[in-house]
Ligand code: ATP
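Next up is one chain by itself, shown in structure tokens, the form predicted alone.
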Amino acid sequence: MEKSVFKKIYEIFKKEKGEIFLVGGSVRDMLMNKELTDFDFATSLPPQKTRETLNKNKIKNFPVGIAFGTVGAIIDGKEVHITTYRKKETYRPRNRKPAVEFGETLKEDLKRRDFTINTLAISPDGKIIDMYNGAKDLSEKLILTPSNPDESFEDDPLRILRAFRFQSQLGFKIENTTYKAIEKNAFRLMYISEERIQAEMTKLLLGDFVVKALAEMMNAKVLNFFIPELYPLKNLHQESEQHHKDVWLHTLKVVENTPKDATLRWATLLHDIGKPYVKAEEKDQIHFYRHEELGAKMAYSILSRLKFPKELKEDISFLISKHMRANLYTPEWTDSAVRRFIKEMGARLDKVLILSRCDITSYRKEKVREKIKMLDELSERINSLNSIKGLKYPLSGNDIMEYFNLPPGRLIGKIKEFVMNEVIEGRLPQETKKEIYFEAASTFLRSITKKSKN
């Protein structure tokens, strides 16, 4: 199907005497034998002329960013992007949109790209155009800029994060000169909009080589400019006797253990950020009491700073606040305790259990096996009590006010919670007739009325 896309595009533009090439990540992925998900073309035609050409050939198209030279089109069910040659694009401080200077040649367009592995192009006759040794760097698994790295990172500081994002996705090494320029220019990330940083970091966190990228980012002090809260984790030891692993190395291990899910990976990255501020040593033992509570608050602040949507901030912060709960499980937990745990975790239960499992790291394999065994047992008990998941209040506030002819107030909430608690404890059945719940509520109401009189 890809060949038919290329053929149509090339034939259409040939009739208009317009140059057009498949470029960038599309060519890189082809050479790496990856399935193409992006179809990016560069053309000599200006954006309006591109649209006219597509319209003339009855190709559905739409403006993606006309001011920036990009037109989108649908060909054989595939979305393609066709962009006019650019000579330069510069991102102004705190601005998501670049100032674009259009070019006249393919060479100019390729030179302004972020890394040499993205400067490759394919001509209509199938020839690979390689002006900046992109194929060589691709084979050697190197990430470096096609032009002076200082100038490249000044034009668009987000390229600093993109270098690590490609490292996370591809496992490549950042070339030494480029790496030194990253260290030198990392401060420029503070001029980038938070939305762009958020998007790039999320892609980075989902890479196969995420640990390699995060470790390099910490060493280059890149993280300091948008998540400085992570830096104190380095060299913060968790155990008095064994100083081989600090909290940052533990964090990397937990991220590595975590499935490729954006919510979970952000939660694991930030799950221990509260530890440096609550560290205490008692009887030669190091403790981090309630670090999860502080960490959840700090994470919410970080995610707000990075302009995350409210729902995602709440999900990630909740997971961090509860990441210790499941690992406190013992076989002594009663069924009521398990039911309460299920109810407390709510719709996020599965992710809490995943995060808890990923958080088990130790140099002692028997310790890991023991904790995993406990989590397996907890999961089995949860499955046996599965009906409590998603349980709604048996009686609503309106039910209680209407039945007892009571006004709104705290008493209604107390009665509501009492009935729910009776169901969780197993003393009342689930999904039964409301009369049974009203009877229990009546008993509770009489008891508290009697106490108030005494």
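Numbers for residues come from their place in the sequence shown, where the first is 1. None of the values given here were measured: they were computed from a predicted structure.
The same protein also exists as the form predicted together with the ligand; that form is not shown, yet it is the one meant from here on.
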When the contact criterion is heavy atoms within 4.5 Å, does residue 178 count as touching the ligand in the predicted bound form? no
- Can you check whether residue 308 is within 4.5 Å of the ligand in the predicted bound form, heavy atom basis? no
Is there a heavy atom of residue 18 no more than 4.5 Å from a heavy atom of the ligand in the predicted bound form?
no
Can any non-hydrogen atom of residue 165 be found within 4.5 angstroms of the ligand in the predicted bound form?
-> yes
In this chain shown alone, the residue from 113, 323, 275, 339 with a heavy atom within 4.5 Å of the ligand in the predicted bound form is 113
Interface check vs the ligand in the predicted bound form: of 52, 402, 425, 29, the one with a heavy atom inside 4.5 Å is 29
Look at the candidate spot formed by 38, 159 and 203 and say whether the ligand comes within 4.5 Å of a heavy atom in all three of them in the predicted bound form. yes
Exactly one listed stretch (417 to 425, 38 to 46, 403 to 411, 53 to 61) reaches within 4.5 angstroms of the ligand in the predicted bound form by non-hydrogen atoms, and it is 38 to 46
